[in-house]
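Given as structure tokens, the chain that follows is alone and in the form predicted alone.
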């Protein structure tokens, strides 16, 4: 299938939907196409709804400067403060935009938005009652006239002289090869949720959206874009065996965390590092305790957990025989992920959501805007949509690289077994082995020997990938995702080797360099593909923590 569009958006989650809607608002005549790997009504990290807008600077109640300082603390000093400032400055107008679309933000008896503190400084999280937020976004996309193609996995970007000219992929149900020419492209296809293995060993039993396999990171790197923050994989203390959001919902409403000895874990602010330390130092298991809360608070927590977050959670607790009024919620450590929403990993962008490649934008979890959460996905989606709509007015369509397209089509379908028999090793088995290797060698605690072992295994798995056959197109897409995961593993390993210190608590703890070293390492590590060798180039970019 050959397609043409003005603006191609890869990924129909929160950021992608917002970018598409705003682009059409900015210029109704521009053609906007979203290519989504899942189904747009239930895709992306929120998939259903959301209980809060994590970052909102309300006029007269907080300042953007205070938020930047809070973000700087959360990011261990490694961030571009200008991006956090832009997010803060545009956050309240984004709340009002969502309110105009019918999203409900509850107010207290004084008529003020219900605001909760989870950051180190300032109260920025505004409660939101939006169990069908994703449906609202999808309907708005349809209303403004954006085209949507579902169930197509994009495998590579098309590039000409460091300018992105479109993308290629295939439908994982029909196998139809897809080539799309675009004047501007917006990557909005999430982080790498499928990175290390969860304790259950179940590949999809993870905290974030399991469709996110690092597609955008891999494609951006292969196209020549700059990336950063890959040495900081993150995990969270969440519901053991369920990996479902919980902390912000319970702790902001008065719940407590206790360790195995019944001691209350004192949190200066909602610091996951403090809780993880209890587990790593042998004072686990740790629990969320709510039996001291009034009934109305517990009902409020149940309402959010059993509707807006994941309705299956109600059945889970019933099966465990746990009532929040009496029992406690055991927390376990999630798998590690790479993410620009909950962490700092991503494609390097500026305040306009532009990447280091011409005509390519990146928004949401795929972009490195530290701890941006849903607010950042919306704000930078809006910014990218506006800028892309302006750009395409003065942009001529470029001829596509036909030789690259032909070679990519051959590479993809070479892994497909037309007889439907596949090979002895399945994509599922290969992914399990790759992610077990990541758990063994790439995530903390780290040291040089472990990281060097990871590089050896990554090359071995890449060779294995060349010999495996998929028996159907869905398996073929899974093999592509393994390729993405391997790229992310190599990027993370390379960045981790470069940063010879420990930072971000447990997330980049090197046993051979156990101390934080601001004198030598208060810098972002920038990764980029070498144009000649294809290897990863590493550069340091010092950060300025004296102001904005």
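Residue numbers count along the first chain shown, from 1. Bear in mind that the values here come from a model prediction, so they are computed numbers and not experimental data.
Here the subject shifts to the form predicted in complex with a small molecule, a form of this protein not shown in this document.
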| query | finding |
| --- | --- |
| Listed range touching the small molecule, judged in the predicted bound form by heavy atoms within 4.5 Å, from 187-195, 251-259, 281-289, 434-442 | 187-195 |
| Partner-contacting position among 219, 353, 232, 88 - heavy atom within 4.5 Å of the small molecule in the predicted bound form | 219 |
| Contact assignment for the small molecule in the predicted bound form, among 373, 469, 478, 226, heavy atom within 4.5 Å | 373 |
| Contact of residue 183 with the small molecule in the predicted bound form (heavy atom, 4.5 Å) | no |
| Distance check, residue 15 to the small molecule in the predicted bound form, heavy atom within 4.5 Å | yes |
| Any non-hydrogen atom of residue 54 within 4.5 angstroms of the small molecule in the predicted bound form | yes |
| Non-hydrogen atom contact residue 510 with the small molecule in the predicted bound form at 4.5 angstroms | no |
| Site test, 73, 121 and 383 vs the small molecule in the predicted bound form, non-hydrogen atom cutoff 4.5 Å | no |
